[in-house]
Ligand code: HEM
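Have a look below at one chain only, the form predicted on its own, in structure tokens format.
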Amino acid sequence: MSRPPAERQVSRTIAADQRLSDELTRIGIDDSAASPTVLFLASGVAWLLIGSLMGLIASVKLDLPDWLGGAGPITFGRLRPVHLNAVTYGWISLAGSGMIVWLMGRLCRTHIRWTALLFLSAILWNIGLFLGSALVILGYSGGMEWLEFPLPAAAVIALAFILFALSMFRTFAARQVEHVYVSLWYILASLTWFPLLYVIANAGLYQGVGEAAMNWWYGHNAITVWFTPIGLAGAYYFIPKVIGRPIYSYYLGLLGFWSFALFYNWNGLHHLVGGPLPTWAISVSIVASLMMFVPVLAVAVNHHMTALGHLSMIRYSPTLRFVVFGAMSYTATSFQGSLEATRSVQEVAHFTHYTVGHAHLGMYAFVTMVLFGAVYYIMPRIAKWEWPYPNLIKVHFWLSAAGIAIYFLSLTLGGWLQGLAMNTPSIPFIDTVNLTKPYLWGRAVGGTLMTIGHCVFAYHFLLVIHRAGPKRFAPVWFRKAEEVAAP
């Protein structure tokens, strides 16, 4: 028996009131996260431009080694580390922190706590990056990949991260929900693991072979406990959010997280296959790398089944377009990484451009593309202003997607041929160098396309901050709810 019209009207009014209350709560939470989020995101975008410029110059210098070669500060050996640190500790870390601040408020349904620590963290982080980059440019480098920044700069960044983590833990402690969503698992784990990893790696307690082992233990685990969780947290939140349905399987999420935590941190030493390390240590790293098929498959199935039947929304949602691209790249780079850890592949790929292509597939095609999607979703909600030129988002996506595709394919193929040539004693080394030249031009072309895309992205980001586009209004259902609830 159907309910009387009056009762149905009351039910609709109650539902409208609840939805109105929920939306107002979300708006209040977003407002509490707005200033620190914008500060972190804007800092990240600035370092993205700096890192892109440094990387593009370094890439071209591989093709034209005499270009800008008259001064030490602009040699490849100094520009390339600045590029690496600017895009990892600058762009990805700062933009990822901005995403984390916003997600923490949304997922905990509470206002951000201790925001003063966040402002101080962002300021110190930028100071550390500027100091570290300047010292490397001047020739004062730690000499180890991922750990080039001298101790004073590294100490400032470590302090900044600790302050950031304290604010996030305080916000989590004040949460208004009992359920801890999948994205929060990765965020909380990274906030616990990375400060310990970074401080231990920069302690300067290692020498000789032990230092080499520590270097690759850190390099791979920085990806494990900080950069990958940023990408996975974003993918686990934005894919279901944009599609409007829950994640496919909570239990697959559990399997993916705990197997990720168990296996991934043993990786790293496979980069030293053939080096003066105990065979058992390298073998353990190889086995752990192969076991990464478990969490990667769990995550891939979870994301695919969540999006199944709704992939057509990629045409309309810029966030979904970027994040799905990133999620697919995570699967690809993880499978490639597991295979690359084996001795037979290492014999060819080691010390070649192949490894550089693989690193960019993970750090750019996966993490950076997810962050682009996150920024496109978050900024209108905290700035209360829409992106003024939707077509620029499409231009950015295709420049970035085409750029990383050319970059990755060029270095993967060229690096593999390079490795085969280096393993052939009858081929002179100079012939191996000449063999790679066309593929290095592919690297430069891909890097140029990505850099242009970053300039488009930064310009559009600046327009939103300056409110150059249309004002963002509440969703249609929210406006209708206000009308229904009005007396």
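Here the structure is a predicted model, which is why all the values come from computation and not from measurement. A residue's number is simply how far along the shown sequence it sits, counting from 1.
The protein also exists as the form predicted in complex with this ligand; that form is not presented, and the subsequent description refers to it.
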Item checked: Partner-contacting position among Met363, Leu252, Val156, Ala189 - heavy atom within 4.5 Å of this ligand in the predicted bound form -> Met363
Note to self: Going by heavy atom distances of 4.5 angstroms or less, which of Phe335, Tyr389, Trp398, Phe76 would be at the interface with this ligand in the predicted bound form?
What the structure shows: Phe76
Notebook entry, point to check: Should the three residues Ala58, Trp146 and Arg443 be counted as contacting this ligand in the predicted bound form, with contact defined as a heavy atom within 4.5 Å for each?
Noted result: yes
Next item on the list: Would you check, heavy atoms only and a 4.5 Å threshold, whether Ser52 touches this ligand in the predicted bound form?
Entry: yes
Margin query: Check Ile92 for me: does it contact this ligand in the predicted bound form (non-hydrogen atoms, 4.5 angstroms)?
Written below: yes
Item checked: Proximity of Val87 to this ligand in the predicted bound form, heavy atoms at 4.5 Å -> yes
Notebook entry, point to check: How about Trp226: is it within 4.5 Å of this ligand in the predicted bound form, going by heavy atoms?
Noted result: no
Next item on the list: Could you tell me which of 66 to 74, 27 to 35, 419 to 427, 448 to 456 sits within 4.5 Å of this ligand in the predicted bound form, going by non-hydrogen atoms?
Entry: 448 to 456
Item checked: Contact set, 392 to 422 vs this ligand in the predicted bound form - heavy atom within 4.5 angstroms -> Tyr407
